[in-house]
Each structure stands twice: as C-alpha cells, then as structure tokens.
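The data below hold one chain only, encoded as structure tokens and taken in the form predicted alone.
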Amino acid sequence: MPLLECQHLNVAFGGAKALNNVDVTADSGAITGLIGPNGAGKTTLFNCVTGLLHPSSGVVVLDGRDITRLPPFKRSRLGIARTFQRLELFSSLTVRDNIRVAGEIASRWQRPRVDPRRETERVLDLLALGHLADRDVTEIPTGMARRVEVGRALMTRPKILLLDEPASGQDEAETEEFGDLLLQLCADGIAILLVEHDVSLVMKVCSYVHVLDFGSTIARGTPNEIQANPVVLDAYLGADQEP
C-alpha cells in the first residue's frame, strides 16, 4: 500500500476547477514527481495533503488513515512536512537557528525525544550547510536558502516530504548535488513528492511521475514513459523534448 494516497480530489475556486478528480500516490523510499504547467493544480494538491485546503470531495490517506479533515498541525505530527514555492524562512535568524527552531517545536510531541541541538548539527552536515550555519539567511544565495527550508522540514522527522520547486534558484552544479541528496533521503526510507519545473532533475531522481494540466491528470508513469507521451509533450514538455 502506498504511504500517501490522494483519491478523487476535487477543488474549485468559484467556477474554476483547480483539481478535477485527481489521484496521486507516493511510496516510502521513493521520489514521486508531480509536474505540469503553471496553474495546473500542483500546489493546490500540496495544500490538500497538508490541510491548508479541504477538497470539496475525495480523500487523503496517510499510512492507511483517512486524514482529509485533520488540521495541519495533526498532519505534521503524523509525519507530513513540506517546503513552499515561495521561500518561507525566518529572516531575522541564522541558518542554524532556522533549522533548530523546527526541532524545538517538534520535540514537544516527538517520542522518543530527539535533542534539537544535536539533530540540528546532523541536518546541517547532511545538507552541506555547516559553512553557512552562523550566517543570517538573508545573506546566503537562494539555492542554499532552499536547502535551509528542506532542513527545517527534516527536523520534524517526516514520513513524507513535499517539496515545492526546491531547485529554484540553484545553479547546475547545485541542482546536481541536490538530486543526489534527494536520492539519499529516499534511500533512508522517506517518501518524497516533488513539484519541480527542472524536468531533467525530475527525470533523474523520480521513479514515477504524475502530470497535471488545468487541474486534471493527463498522464502518469515512469520517467521514460512520460518523456515519450505525446500528450505530455504537447501540453508541457514541448515537441522538441527528447524521450
């Protein structure tokens, strides 16, 4: 059974359907891609999974439990963490303190309890952020700030990590390293649901990909199947995309 199941999700804003009977699954220890043009419904789906939006119909299931109506904080405690398309960091804090604050909050409910100081240093090392740890987040490049946001999410010890365009602002070398990091995280058992416009990154790290367009699923399959799908080529990847 998949760790996360979104079944027949429908969301409408006024007369416009943001999600139209969408099904998405994600497995533990795997990276699942969610791609499509701007406005396709990707962030809306993330908001349904995390509880910021309630679908008009459909269900969200985590580890066999229906969480569709649970508030966001309860979903976090069950193992859901996310990053945002727009950077959401504490601008008055250092890199280290941005990461540590999540651990301090999570330590109130986590059992067994993890030492936030020690876990912060582990995450800094994991994300190769040690050399920036004492810098204010406003002083570091956007690509590195994206890593800080991932680090903060990891401090909650999630079962599934929802990443919304995490490679935005990264150069080619940083993106390559970031892809390796994502593969390492899923090798440790975390499920990752990845929204990303860097198609080469998606095709490198994902084992399965869902494609949305105008709120509906137009394709799903392996990266090779998606790259060869004429509907996806026409709607998103472009006719010149090599399979």
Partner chain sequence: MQDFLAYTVLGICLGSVYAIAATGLVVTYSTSGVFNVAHGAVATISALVYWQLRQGWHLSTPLAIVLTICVFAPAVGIFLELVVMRGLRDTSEVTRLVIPIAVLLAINGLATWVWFRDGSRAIVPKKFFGEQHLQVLGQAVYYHQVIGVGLAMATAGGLYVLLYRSRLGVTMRATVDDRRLLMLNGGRPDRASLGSWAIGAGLAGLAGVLLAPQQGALQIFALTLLVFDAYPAAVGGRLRSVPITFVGAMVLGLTRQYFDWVSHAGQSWLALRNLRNAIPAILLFAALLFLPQGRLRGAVVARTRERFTVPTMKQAVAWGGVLIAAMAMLQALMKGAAVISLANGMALSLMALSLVLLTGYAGEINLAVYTFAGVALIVAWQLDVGPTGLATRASLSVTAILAAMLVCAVVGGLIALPALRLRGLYLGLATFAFGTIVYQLVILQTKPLRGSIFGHQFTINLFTTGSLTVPRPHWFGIDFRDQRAFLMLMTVMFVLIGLALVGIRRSAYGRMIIAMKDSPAACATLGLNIMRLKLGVFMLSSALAGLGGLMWAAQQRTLANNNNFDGFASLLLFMIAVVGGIGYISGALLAGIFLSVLSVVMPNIFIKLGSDYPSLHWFFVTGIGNFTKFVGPALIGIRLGKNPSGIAQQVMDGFRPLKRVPLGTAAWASSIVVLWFLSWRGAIGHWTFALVVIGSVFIVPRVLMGMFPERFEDVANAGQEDPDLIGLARPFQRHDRDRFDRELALPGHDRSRSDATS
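No experiment lies behind these values; they were computed from the predicted model shown. Positions refer to the first chain, counted from 1.
Not on display, but discussed next: the form predicted together with its partner chain.
Residue heavy atoms within 4.5 Å of its partner chain in the model of the complex occur in exactly one stretch of 178-186, 50-58, 209-217, 31-39, and that stretch is 50-58.
Listed residues L163, I80, L129, A167 were compared with its partner chain in the model of the complex; I80 is the one with a heavy atom within 4.5 Å. Using a 4.5 angstroms heavy atom cutoff to its partner chain in the model of the complex, none of N20, S200 and E225 count as contacting. Within 4.5 Å of some heavy atom of its partner chain in the model of the complex lies at least one heavy atom of R135. In the model of the complex, its partner chain lies farther than 4.5 Å from every heavy atom of R111. Although the partner is absent here, V123 is not a contact residue: none of its heavy atoms lies within 4.5 angstroms of its partner chain in the model of the complex. Within this chain, E88 lines the site of its partner chain in the model of the complex, having a heavy atom no more than 4.5 Å away. Along 92-110, residues S92, L93, D97, R100, V101, A102, E104, I105, R108, W109 each place a heavy atom within 4.5 Å of its partner chain in the model of the complex.
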